[in-house]
Structures are given as C-alpha cells and as structure tokens.
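Here you get one chain, nothing else, as structure tokens; it is the form predicted alone.
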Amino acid sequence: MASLENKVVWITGASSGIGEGIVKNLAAQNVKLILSSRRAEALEEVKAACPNQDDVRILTLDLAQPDTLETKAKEALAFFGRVDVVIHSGGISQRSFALETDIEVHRRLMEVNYFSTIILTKALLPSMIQNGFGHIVAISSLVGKFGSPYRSGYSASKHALHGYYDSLRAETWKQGIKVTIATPGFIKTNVSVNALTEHGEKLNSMDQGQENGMSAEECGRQIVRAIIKEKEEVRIGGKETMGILVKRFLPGVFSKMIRKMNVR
C-alpha cells in the first residue's frame, strides 16, 4: 500500500494514548476515520482536533462487553459502506504478581485485549474479503514477545494476539488481507495508571519506563508508517526493544536480565 488516501480506517482505543497518537497521524493522510472507545466526550475532543471533521465518525463501544461487538462492527461498516483498515488499539494492562492475581483479572485482560479484537476482526473479515482488500493492525507490546514480572496476565493476552494474527495472515494473504502487529515498548501514556492490580483495582501511578518513554504521537507516526509499508511486525520504542533480540539469541542472559529489571 503506497498510500492510505481515501481509505476507511477504524481505530479502537482512539480517545487517548497510542490510539489518539495514531489518529493524529492519520488525520493528515486524507482518510475517513471511525473513532471508538468507551468515552464519547473524549472522542469528540479527538475528532475536534482533526482537520476534516466531515470524514470522521464516532462509535462508542466497550471491549469488555463481547455480546455488543458484532453489532458495533455492523455500525462501523454502515458509516462509509466499508472498513479498509482496522487498528485494534484499545486494551488494558496489569501490575501484580501472578501468585496474587485473581483469576477474574486474568479473564478481564483476555476479554479486553484478546477476545474483543478477534470478535471485531471476524465480523469485518467477510466484507474485507469480498472487497479484495483489508488491513488488520493489532497493537501488541514488547511483553507480547517475552514475559516480565508484574505483567503475567497482560503478557499472556498479548502473546495470544501474535499467535492468532500470525495464523490469520498465513490463511488470508491470497484474499488480499494484510496483517500488521505493532510491539511498542515504553510509550508515555496512562497504560500503567489504568493497569489492573491483583484484585482488579487501578494502579493509579505511572511506571518510570512510561514516564520517560516515547511520545504517543511519535509511536502513532511509526505505526502509520508501518501500515503504509505493509510491514508484518514492527518494534517501536527505545533501547528496551533490544530485549526481543536478546531473548531470541541469548535466552539465558535475558532471563537473568529480566529478573533484575525495575518493572514497576
């Protein structure tokens, strides 16, 4: 794909963080946008910052309510008659020891981060295949490639995305479907502030890594560039992204390193 011009792009988690950063970069690409999250007022603010608001639609949804998502996908398709690109940016993180974390917290992480994206993807795929084109973008994380302390459930949910979308890519490439998985590292968002603790409460504090991380807008720029270049996977962040290579080629060294990291 040389350009996103005139494409219909649906972004979940568009009201803040990486999702908002993606919207800011897409708004300059002459695309039609569908913005989704739970917070209508916040979405209106994001829309107001877009230069061509006539080409922006708002669709509130809650990724934790799976029974509503197929209907939401139909609503998204109805706005412009199609969805060319879907960017699954909505999600929730975790900060708690595995041994102390309630199983319901793990279930919520999987529901929001994994199952919701699968439901929306499956709802959109038939129309994408019929049109002969579709691009699915999953926002994973570096911990979708390796685990780290305090993030067992979050890491598991992101690992699941890689397994599913790598498989889907291999199954649908002949039908014109592209799949990109983005693995951001430390990005300055409220992901840690909103992260779930062992009993499901919000952490309400920002990790040092996030505080000193890349801006959400720069992360969004790199994700949009990866979509245009039709990359299968893209690492985004600072030196922390080297962890993927260390894990792959020096797994013993990585294991010792991750134990000592200040991860909260």
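One rule holds for the numbers: they count along the sequence shown, beginning at 1. What you are looking at is a predicted structure, and each value in this text was computed from that prediction instead of being measured.
Just so it is clear, the following notes concern the form predicted together with a small molecule, a form of the same protein that is not shown.
At the 4.5 Å threshold, heavy atoms of L63 reach the small molecule in the predicted bound form. Residue contact with the small molecule in the predicted bound form: A156 places no heavy atom within 4.5 Å of it. Among residues of the shown chain, K231 is not one whose heavy atoms approach the small molecule to within 4.5 Å in the predicted bound form. Proximity of S16 to the small molecule in the predicted bound form falls within the 4.5 Å heavy atom cutoff. Among the residues L124, I181, V191, I87, the one placing a heavy atom within 4.5 Å of the small molecule in the predicted bound form is V191. Against the small molecule in the predicted bound form, the set R39, S141 and I187 is in full contact: each member has a heavy atom within 4.5 Å.
Contact with the small molecule, judged by heavy atoms within 4.5 Å in the predicted bound form, is confined among 167-175, 132-140, 97-105, 71-79 to 132-140.
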